[in-house]
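One chain comes next, on its own, written as structure tokens: the form predicted on its own.
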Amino acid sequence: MNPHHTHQSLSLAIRNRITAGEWPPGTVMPSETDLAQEYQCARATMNRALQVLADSGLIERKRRAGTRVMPLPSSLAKIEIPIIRHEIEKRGAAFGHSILMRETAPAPEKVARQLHLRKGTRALHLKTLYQSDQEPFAYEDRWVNIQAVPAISTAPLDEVSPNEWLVRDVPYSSGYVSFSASAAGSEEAAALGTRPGAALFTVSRTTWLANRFITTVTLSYRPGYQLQTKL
């Protein structure tokens, strides 16, 4: 037995593995017994650790059916996080994306507050242009908490866009989202092929899993974009 394991440390370790995508939403996890053997801890300690995650809504435990990672919560179904590729392809257009910038840097003060990071904590900063039939469609400025999502450091984001990779592979439990009209700055205008000051439809969103904040993003759509959704 490992005397250093507590149910708190075990629940955090398992939460990190789920967040990293080892067990995607809907996946049946190893049994309580198998996990206890893997971590060399008492089964009762592992039971408490899993119950903490179940109480937070991250996993579901059922007798005989086992333990599984919860699907994306139904409470978010009314405002889904769209996969931009699907949105473009539904319009009959060809999707494309380009990573304009990718760096790991200290999160600015505003971003650190949004992701609940300590001052100076490094995070992944991405700027991405999404294209429809090779024309600019949306410009994305995103920060990702690499402590919560370590797998993104090696994710093939040139092949699968940051938007699609995160929606597909990283579970979340809640988030903030706002919709607004904004004036294009020089950076947005250059990326979207419009003039500075042009009116853009902008979506700002921050998502988290239980008490671990995942990503904060500002997505600016080209002039003329219309949001379409179902009631």
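Not measured: the values here are computed from a predicted model. Throughout, we count residues from 1 along the sequence that is shown. In this text, the rigid core denotes the largest set of C-alpha atoms whose superposition between the two forms falls within 1.5 Å.
Not on display, but discussed next: the form predicted together with the DNA.
> Taking a heavy atom within 4.5 Å as contact, would all three of 90, 92 and 133 count as contacting the DNA in the predicted bound form?
Not a single listed residue reaches the DNA in the predicted bound form, so no.
> At 4.5 Å between heavy atoms, is residue 204 in contact with the DNA in the predicted bound form?
No.
> Would you please decide whether residue 32 lies within 4.5 angstroms of the DNA in the predicted bound form, comparing each non-hydrogen atom pair?
Flag for residue 32 set to yes.
> How about residue 66: is it within 4.5 Å of the DNA in the predicted bound form, going by heavy atoms?
Residue 66: contacts the DNA in the predicted bound form.
> Is there a heavy atom of residue 228 lying 4.5 Å or less from a heavy atom of the DNA in the predicted bound form?
No - in the predicted bound form, heavy atoms of residue 228 and the DNA never come within 4.5 Å of each other.
> Would you mind picking out the stretch of 48-56, 158-166, 178-186, 193-201 that comes within 4.5 angstroms of the DNA in the predicted bound form, counting non-hydrogen atoms?
So the stretch in question is 48-56.
> Give, in sequence order, every residue of 36-55 that has a heavy atom within 4.5 Å of the DNA in the predicted bound form, or say none if there are no such residues.
Going through 36-55 in order - heavy atoms within 4.5 Å of the DNA in the predicted bound form - the hits are 40, 41, 42, 43, 44, 45, 47, 48, 51.
> Once the core is superposed between this form and the one not shown, does residue 32 show a C-alpha displacement of at least 2 Å?
Yes, because once the rigid core is superposed, the C-alpha of residue 32 moves 2 Å or more between this form and the one not shown.
> When the rigid core is used for the superposition, does residue 11 move between this form and the one not shown (threshold: C-alpha shift of 2 Å or more)?
The answer is yes; the displacement is at least 2 Å.
> After the core is matched up, is the C-alpha of residue 65 off by 2 Å or more between this form and the one not shown?
Moves: yes, 2 Å or greater.
> A 3 angstroms or greater change in CA distance between residue 55 and residue 177 is reported in the predicted bound form. Closer or farther than in this form?
Compared with the shown chain, residue 55-residue 177 is closer in the predicted bound form.
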